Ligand SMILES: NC(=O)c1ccc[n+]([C@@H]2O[C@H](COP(=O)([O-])OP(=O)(O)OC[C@H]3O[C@@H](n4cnc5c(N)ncnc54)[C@H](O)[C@@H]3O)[C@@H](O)[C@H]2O)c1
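Shown here is one chain on its own, the form predicted on its own, set out as structure tokens.
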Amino acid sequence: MAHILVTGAAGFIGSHSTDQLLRAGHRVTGVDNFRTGHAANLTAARTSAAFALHELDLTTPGALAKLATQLRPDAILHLAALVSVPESMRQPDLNFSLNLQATHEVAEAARLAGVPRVVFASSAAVYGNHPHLPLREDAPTRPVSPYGAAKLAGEVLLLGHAAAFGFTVRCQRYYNVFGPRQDPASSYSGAISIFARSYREGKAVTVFGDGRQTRDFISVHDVARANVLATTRPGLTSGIANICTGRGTSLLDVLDVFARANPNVPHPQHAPARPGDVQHSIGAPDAAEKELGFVAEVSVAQGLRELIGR
């Protein structure tokens, strides 16, 4: 049994990862400041004697290092972040604080507490726009938003600390994660969760752009499983892996599924594309399979049926 410290434990990916770690028999200490996380996401986790929760702001210098020194976890799963590309465009200073300063605190906590492994929630946003798909981990990184730039800088910061101070870092480049508990009220919660809410409420969906943009949608259940593997699989060395399916789905295709299940909802409305959004994003999943033993199992159709409730 491993002891994993999860930052952003009350968030979308954090709560699912916590649940899967607990089901696998591990001990979890969750950390969250509840800026965007919800206590209700941890309802199941809080019934477990193997789970503890600390309300803590990662940007407070030394706060995480103090906790990690007390607990001596086997790994830190760093999921706490500002996850909004539009918000990073509006508030670059906040993006820097929540996505880079906080990651520095995680790196320092691992160094000072002797934590042997850190798993970092990175993003396909580090690649930016590329004409050649699917994207492999050695593709040039050309972020087009402060969010993507901070995620790339976080990778470099953590990998540098790992090389200098002798711990392992796994950078998980998530693609477009969707599933239960994703908050559609946030400014960039993911298109699918926003679509699901609109159709439930009988409202027309707003599509930014023409809807032909493609995304590598991956279920949060798969992403959580990838996080369990990255935090607990023996013998891992530092590295970067796309957490994706390797398959692209257009927003129009997703909307068609929702429309067929909700035929009385008005047709979608279109708005101009948002600054910082990429047009096409499909990842190559080979490294995750080779290094983590991870292959996505939940299809987009299965994930959509779960959200629609059929």
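Values in this document were obtained by computation on a predicted structure and should not be read as measured data. Each residue number is its position in the shown sequence, starting from 1.
FYI, the form predicted in complex with the ligand isn't displayed, but the following is about it.
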Picking from 214, 168, 182, 232, the single residue whose non-hydrogen atoms come within 4.5 angstroms of the ligand in the predicted bound form is 182
Name the single residue among 267, 46, 260, 35 that comes within 4.5 Å of the ligand in the predicted bound form, judging by heavy atoms. 35
Report whether all of 225, 242 and 288 sit within 4.5 Å of the ligand in the predicted bound form, measuring from non-hydrogen atoms. no
Looking in the predicted bound form, any heavy atom of residue 199 within 4.5 Å of the ligand? no
Tell me, yes or no, whether residue 193 is in contact with the ligand in the predicted bound form, where a contact means a heavy atom of each within 4.5 Å. no
Check residue 56 for me: does it contact the ligand in the predicted bound form (non-hydrogen atoms, 4.5 angstroms)? yes
Using 4.5 Å between non-hydrogen atoms, is residue 158 touching the ligand in the predicted bound form? no
For the chain seen here without its partner, which of 65-73, 36-44, 279-287, 247-255 has a heavy atom within 4.5 Å of the ligand in the predicted bound form? 36-44
Residues in 94-127 close to the ligand in the predicted bound form, defined by a heavy atom within 4.5 Å, in order: 98, 121, 122, 123
